[in-house]
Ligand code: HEM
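Quick setup: one chain, the form predicted on its own, written in structure tokens, and binding and motion questions come after.
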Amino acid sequence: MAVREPLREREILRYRKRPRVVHAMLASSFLVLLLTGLVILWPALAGLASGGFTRWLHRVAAVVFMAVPFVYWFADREGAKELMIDSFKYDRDDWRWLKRFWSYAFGHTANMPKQGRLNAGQKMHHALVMLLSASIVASGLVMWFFMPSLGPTGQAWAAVIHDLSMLALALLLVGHLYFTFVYKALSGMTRGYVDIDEARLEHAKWVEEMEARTTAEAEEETEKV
């Protein structure tokens, strides 16, 4: 997540390759879990679960989903640490931003407080994804390995926690996609770069920091020459 590369003309590097790969790993495994879970739970789709293939695919996707934080840690330890810290750290501008969230939600950013690398909404989104993912993994492992010993009440609770956590994460995904397209951020995950003017709308503090860093590095290179 940390950016150390120079600015392109009219574009700024938002995500390096490794974080983008981890993001794709998380998104694809979650979608498989969501779709195969619906097949397992929804009677109208029960026919697709015949033969056990859907259940097998669900468990394979679960293993990939659980591996995401470990892959991220080994692939980009600095970025993983930064994301974890930033997702739970709020300053005064973040709280002011949250008070004006509905303006942002409808595409109005003119009077929004300046934000850093993550705006307050993204911080909240990432924190909820982490907490809900932990709930999904914990309840899923319980159902996978300990279901027979839980009894009817324990089985019901494990299933409810698992399903509600998946539903909440699916709703977060819908919101994530909405803001991705409203603020033209898709290129950040496909190419790594986003339009610098669009970045200023959401992350003015971060853009200013990157520009100052680029200027300082250029001055150092000039002094060396």
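If you're wondering where the values come from, they're calculated on a predicted model, not measured in any experiment. Numbering starts at 1 and follows the sequence shown.
Here the subject shifts to the form predicted in complex with this ligand, a form of this protein not shown in this document.
Engineer: Within 4.5 Å of this ligand in the predicted bound form, do 30, 173 and 177 each have at least one heavy atom?
Structural biologist: Yes, the whole trio is in contact, each within 4.5 Å by some heavy atom.
Engineer: Counting non-hydrogen atoms within 4.5 angstroms of this ligand in the predicted bound form, say which of 159, 186, 41, 64 makes the cut.
Structural biologist: Filtering the options by heavy-atom distance leaves 186.
Engineer: Among 88-96, 140-148, 101-109, 121-129, which stretch sits within 4.5 Å of this ligand in the predicted bound form, heavy atoms only?
Structural biologist: It is 121-129 that comes within 4.5 Å of the partner.
Engineer: Considering non-hydrogen atoms and a 4.5 Å limit, does this ligand approach residue 23 in the predicted bound form?
Structural biologist: Taking the distances in the predicted bound form, the answer for residue 23 is yes, it comes within 4.5 Å of this ligand.
Engineer: Only counting heavy atoms and a 4.5 Å limit, does any residue of 72-95 reach this ligand in the predicted bound form, and if so which ones?
Structural biologist: Counting only heavy atoms within 4.5 Å of this ligand in the predicted bound form, the contacting residues of 72-95 are 72, 83.
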